[in-house]
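Below you will find one chain, with nothing else, as structure tokens; this is the form predicted on its own, and questions on how it binds or moves follow later.
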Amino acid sequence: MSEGQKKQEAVGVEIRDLVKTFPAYDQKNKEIYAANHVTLSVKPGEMVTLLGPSGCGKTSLLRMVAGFLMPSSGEIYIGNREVSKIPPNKRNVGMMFQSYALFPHLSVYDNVAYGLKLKHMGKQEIHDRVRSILQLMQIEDYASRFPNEISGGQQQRVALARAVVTEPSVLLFDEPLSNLDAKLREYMREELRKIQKRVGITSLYVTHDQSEAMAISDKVIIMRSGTIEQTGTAMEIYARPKNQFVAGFIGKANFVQPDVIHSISGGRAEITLLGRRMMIEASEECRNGERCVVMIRPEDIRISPEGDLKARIISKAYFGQYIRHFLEIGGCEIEQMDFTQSNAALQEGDEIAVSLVTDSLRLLPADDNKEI
């Protein structure tokens, strides 16, 4: 493998005030925003994931970076070069599609070599590069096979090899694991992340799978309706979402309206929740007098004889690593995850005591949009 493929000098991606609109055909003189003044920065060598519901604009954003879709306004920089008006083949960008888009009539070797041949490279250089990347992807034994003769996971590796072998400045992923079964998807996301780190290519990754985003990303960007709701590490967004939409989209969460909000100040709120007065963390977007909800993650409800809240088990399901309970607490139906296995004998209808991990609770502005 060439030195460049081992660890090429990475460049960053910067998007400045990007706008993309489409006409709303069902409403005259109306426009739909696929990107609504989006600004974001991807550091050299970073893996950043765009996460959000269908139609939030994440794929449109990816396609604009690739050059397959022209922005209405705004700028896209790859390194120091503004590329928003440059055709895709001049941007030095690699892209891995959801469908893999492998040529069925070409062997694995020829699929990977295709982009190099388009660049009119010499036969020996093509051979050396293809052999090196096939070795890196651990698919050198399948070089002479055709796509229909290898598994889905192997096809995914071929598609990644083809995207990486040309040594692009930026690698774009459009839901590349969505066609794999759950077990293979988990394995391949780990492998993909290892390869991305080893090669060192700046990467933008689109998915609607929150677990995937959390597992592979240096940074996660949550999108909705063409705008960025929040940017941060997976841990930051999971523990400190800025609003109810973000909390509901990354991980599982219960949202309970507090009985009383006594005060909000300095990122803390004094509230009465389920009849208990407590101090909890508050989003900076919460305001006194506005409707807010408390985020309770399922793992932050503990079943314990010493618990100060009464609950009744509505239903339960066993998932191996944990047991999921739906509990009725103070008239609210709340999901709880029990990782201890010590409460496996509990049954539907049982009356139990629970406690809340108050340090993990968070007051968020209520979101009446049903897009969560």
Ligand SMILES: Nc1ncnc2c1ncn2[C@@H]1O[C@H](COP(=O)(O)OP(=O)(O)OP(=O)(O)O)[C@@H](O)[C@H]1O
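Since this is a predicted model, take the numbers as computed values, not measurements. Residues carry their position along the shown sequence, with the first being 1.
The same protein also exists as the form predicted together with this ligand; that form is not shown, yet it is the one meant from here on.
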Can you say which of 303-311, 318-326, 337-345, 48-56 gets within 4.5 Å of this ligand in the predicted complex, counting heavy atoms only?
48-56
Just to confirm, V42 within 4.5 Å of this ligand in the predicted complex by heavy atoms?
no
Contact label in the predicted complex: I32 to this ligand, heavy atom within 4.5 Å:
yes
Does K242 reach this ligand in the predicted complex if we count a contact as any heavy atom within 4.5 Å?
no
According to a 4.5 angstroms non-hydrogen atom cut-off, is S60 in contact with this ligand in the predicted complex?
yes
Quick one: from E167, E281, E175, E212, grab the residue that has a heavy atom within 4.5 Å of this ligand in the predicted complex.
E175
Answer with one of H208, R185, R91, R297: the residue that has a non-hydrogen atom within 4.5 Å of this ligand in the predicted complex.
H208
